[in-house]
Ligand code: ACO
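Listed next as structure tokens is one chain, alone, in the form predicted alone.
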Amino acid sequence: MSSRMSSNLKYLFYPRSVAIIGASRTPGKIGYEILRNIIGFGFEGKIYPVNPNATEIMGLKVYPNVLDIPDEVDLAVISVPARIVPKVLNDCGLKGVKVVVIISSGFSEVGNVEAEHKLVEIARKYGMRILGPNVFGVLYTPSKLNATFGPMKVLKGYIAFISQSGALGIALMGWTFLERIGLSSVVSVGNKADIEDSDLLEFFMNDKNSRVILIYMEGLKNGKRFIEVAREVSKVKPIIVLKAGRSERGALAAASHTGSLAGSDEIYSAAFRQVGVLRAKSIQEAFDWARTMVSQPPPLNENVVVITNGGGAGVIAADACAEYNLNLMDLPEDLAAKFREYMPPFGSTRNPVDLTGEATEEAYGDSVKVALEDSRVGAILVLYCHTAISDPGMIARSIARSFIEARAPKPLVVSFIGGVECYEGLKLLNDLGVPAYPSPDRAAAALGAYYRWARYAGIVKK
């Protein structure tokens, strides 16, 4: 790949100008929604709608052809019928467009492989990069770019999300907003005619706005290159892959959906393990892990401390820690003595540290502070079961206050178990940057995934 083509990829995320070819005046049409999102999300560059049958859309002057735009165009988004995409793409090449997002479908995913190859030939001729075809667009929150036909509202954050599925990717944009999960980017890769996962991994590896890369994947076109790139990227930041097509039926569905050769599932799992890629089994699991990784520093060492107010929750957490290869440290006597100050005589310092059902917000805050400030503790898992004598909101604030004040270089993960009030406590913690989950198992799984990555990256010695 030429250095020009490689450097052009930055214009996918930092365009100075965007042309929407196939911009529409009709609400509900893809060309309308993309233009509306670009304007509504606050893009500060130049926006050029292109449509030979309109003169003005949403207050913007419309051009009949991309060649008529009296300015450079860094990024073009094409949403026109498949049969005219080659001509439009050729015009983009003549115009000197750097990157083209082809929304249009009707290519290799329906067996029209030759037409897709033709698009790549045109792009190569002019040194352009192509995202797609068969995609829903690209979002990059740091440059206020939402060139998708997904939701306009997206919470800004540090997770870069790459999706091979359009409908699922769009749905997850909305879901992450509801769950208060922040994104740096959403990239729909579709058929991966040109730009594929490996190219995006290379970009996000050096992107200070992205701390974790999360991929929904159905298959790879160049598995060897992906493995080579992922091996290096995983040493710098976590890669979480939700690889669909685990079953025979799922693999067949993936092949018919995006034209992917899904390949043996065992081969994918083994390859991912070798290069430090974390494979999640579900959407929830993937984003659970990412939430912890973007908000917390990596583990300091292998010693995990669990703090709880319920013996049963502590037992569940101990089992989960064993399952996810988390080491519950035996507390040195001096550290155990500090914890005893915040529990009644019948409490336990065996780890899980059981503050008992009498635990107040002060007891939680002070115990968390003790664990945060002790350098022998590598990570902390805090569990809270709702009791009649405690307020989940107050407990949440106390935990968050200790975390913020300590500024300790170690992860703190929380689980609140209870009803509506606990849900509000979870929301409060997540909004304050402390990852919180409704079950001990999910919290332990997120911490376990973080440890797996930290061991691969050499941050925590095995």
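Quick caveat: nothing in here was measured; it's all calculated off a predicted structure. Heads up: residue numbers just count along the shown sequence, starting at 1.
Absent from the display: the form predicted together with the named molecule. The rest refers to it.
Enquirer: Judged by heavy atoms and a 4.5 Å cut-off, are G40, T148 and M205 together in contact with the named molecule in the predicted bound form?
Expert: No residue of the spot touches the named molecule in the predicted bound form.
Enquirer: Taking the named molecule as it sits in the predicted bound form, is T55 in contact with it (heavy atom to heavy atom, 4.5 Å or less)?
Expert: Because no heavy atom of T55 falls inside 4.5 Å of the named molecule in the predicted bound form, the answer is no.
Enquirer: Just checking whether A23 would be counted as a contact of the named molecule in the predicted bound form - the rule being heavy atoms within 4.5 angstroms.
Expert: Within the cut-off, so yes.
Enquirer: So, in the predicted bound form, is P81 in contact with the named molecule at a 4.5 angstroms heavy atom limit?
Expert: Contact with the named molecule, yes.
Enquirer: I'd like to know whether V50 contacts the named molecule in the predicted bound form, with contact meaning heavy atoms within 4.5 angstroms.
Expert: Within the cut-off, so yes.
Enquirer: Could you tell me which stretch in 366-374, 164-172, 139-147, 338-346 has residues with non-hydrogen atoms within 4.5 Å of the named molecule in the predicted bound form?
Expert: Contact criterion met by 164-172 only.
Enquirer: Since exactly one of V304, M293, V135, L75 fits, which has a heavy atom within 4.5 Å of the named molecule in the predicted bound form?
Expert: Among V304, M293, V135, L75, a heavy atom within 4.5 Å of the named molecule in the predicted bound form occurs only for V135.
Enquirer: Within 4.5 Å of the named molecule in the predicted bound form, heavy atoms considered, which of K29, R401, K61, K46?
Expert: When the named molecule is considered in the predicted bound form, the option within 4.5 Å is K29.
Enquirer: Is any part of 93-131 within 4.5 angstroms of the named molecule in the predicted bound form by a non-hydrogen atom, and which residues would that be?
Expert: Heavy-atom contacts to the named molecule in the predicted bound form: I103, S104, S105.
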